[in-house]
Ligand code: NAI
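Just one chain is shown here, as structure tokens, and it is the form predicted on its own.
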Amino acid sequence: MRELSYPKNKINVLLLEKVDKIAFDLFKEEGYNVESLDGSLSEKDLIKKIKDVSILGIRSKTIISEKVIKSANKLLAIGAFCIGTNQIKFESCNDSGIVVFNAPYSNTRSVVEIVIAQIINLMRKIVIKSNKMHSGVWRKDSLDSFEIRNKVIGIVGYGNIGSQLSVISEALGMKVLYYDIVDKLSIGNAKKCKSLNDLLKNSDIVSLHVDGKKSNTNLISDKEFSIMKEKSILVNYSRGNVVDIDSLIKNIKSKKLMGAALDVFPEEPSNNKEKFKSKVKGIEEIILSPHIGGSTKEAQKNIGSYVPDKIIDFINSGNTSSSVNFPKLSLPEQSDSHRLIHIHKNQPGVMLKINKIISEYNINIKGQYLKTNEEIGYVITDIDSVYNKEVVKSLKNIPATLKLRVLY
């Protein structure tokens, strides 16, 4: 823990997994030292690399474990340049006072568009027919080819992506069912299902848009496939652990399912040089894509600017309004004052101790802001620019303190 914020030229940024160049440029323009790598790093390599890093930028493949966090003595913030954050050990981040930001909306449209495209591909068997033509086979027929109009799409997970998919699907003439464990207001004519089973048995198309938390592992397996309609299709553009691959293959080969489209897998290469290995290879009814749901120029540009903006704002002012794990605090502009940022475990009495110390040193408080969640207490105190420096030492010695920063 440091008493003062780093000068900008001592803030080191590490960007992994080929984060868009706009992020590199934004951090560089801010005066930080920036290093960008194309692939992800193993836990062992990341532990070696992260020791002097203040800001870490990742995408979905890099695992931020407890060991990684414990090795990151100078880490202030993690930016997930994607929607999902299951790859980050939040408990360890909280214990170390490390704030996490992600990009919850920036690639929504890109994912929705490719899901619609794959649904049409599957319903018309375009990929199968294309592959046959490449091998010289002309197969002009309408066998098992269908319009998507009037088909029922069941959307599992009605968050940012699921709800926008709902809107576009309805505009294309589909009937929309959705299921979410959280009560979500329907958009348009979409109908909420009381259970996942209700959705599965009534849908021609099932599209998955849930997170990768442990409880969602094999969310779709033997039981769920048995409930699905004959000749239905499955689209998974969420997380690789959500579908039981062996069960999927069995139901494709038995013709229970007409087809599937997968963009995510239980095990994925860490970079483009590694080979893709999976049991689904070679099954023509399954369309495969290499985790590119949000990989468009537009989405990556949006993400590349959104996440750095939030991190830089946090570094410069303490704002956490878009944080994933911290209490969300939106702060007024700092003027003619020093800003004390006190991050602590959410325990009774900490605020009292902070103000007691400030009072003992006869310091004038110009503004004070407190926000808590179940894990963390986040206190911002603006004080006169002339004060006894011993106050910083006293504040960081308060029991339950995780991190203390001072902004000039």
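Residues carry their position along the shown sequence, with the first being 1. Predicted, not measured: the structure shown is a model, and the values here were computed from it.
The same protein also exists as the form predicted in complex with this ligand; that form is not shown, yet it is the one meant from here on.
- Out of the listed residues R139, K279, K213, K255, K213 is the one that sits within 4.5 Å of this ligand in the model of the complex by at least one heavy atom.
- Between this ligand and the residues K175, K132, H291, R124, the one pair within 4.5 Å by heavy atoms in the model of the complex involves H291.
- For N107, a non-hydrogen atom is located within 4.5 Å of this ligand in the model of the complex, even though that partner is not displayed.
- In the model of the complex, this ligand sits within 4.5 Å of a heavy atom belonging to I181.
- This ligand is not drawn, but in the model of the complex it has no heavy atom within 4.5 Å of G259.
- Remark: G159 counts among the residues lining this ligand in the model of the complex, judged by a heavy atom distance of 4.5 Å or less.
- Stretch-level contact check against this ligand in the model of the complex with heavy atoms at 4.5 Å: of 238 to 246, 331 to 339, 145 to 153, 318 to 326, the positive one is 238 to 246.
- Residues of 65 to 93 placing a heavy atom within 4.5 Å of this ligand in the model of the complex, in sequence order: I83, G84.
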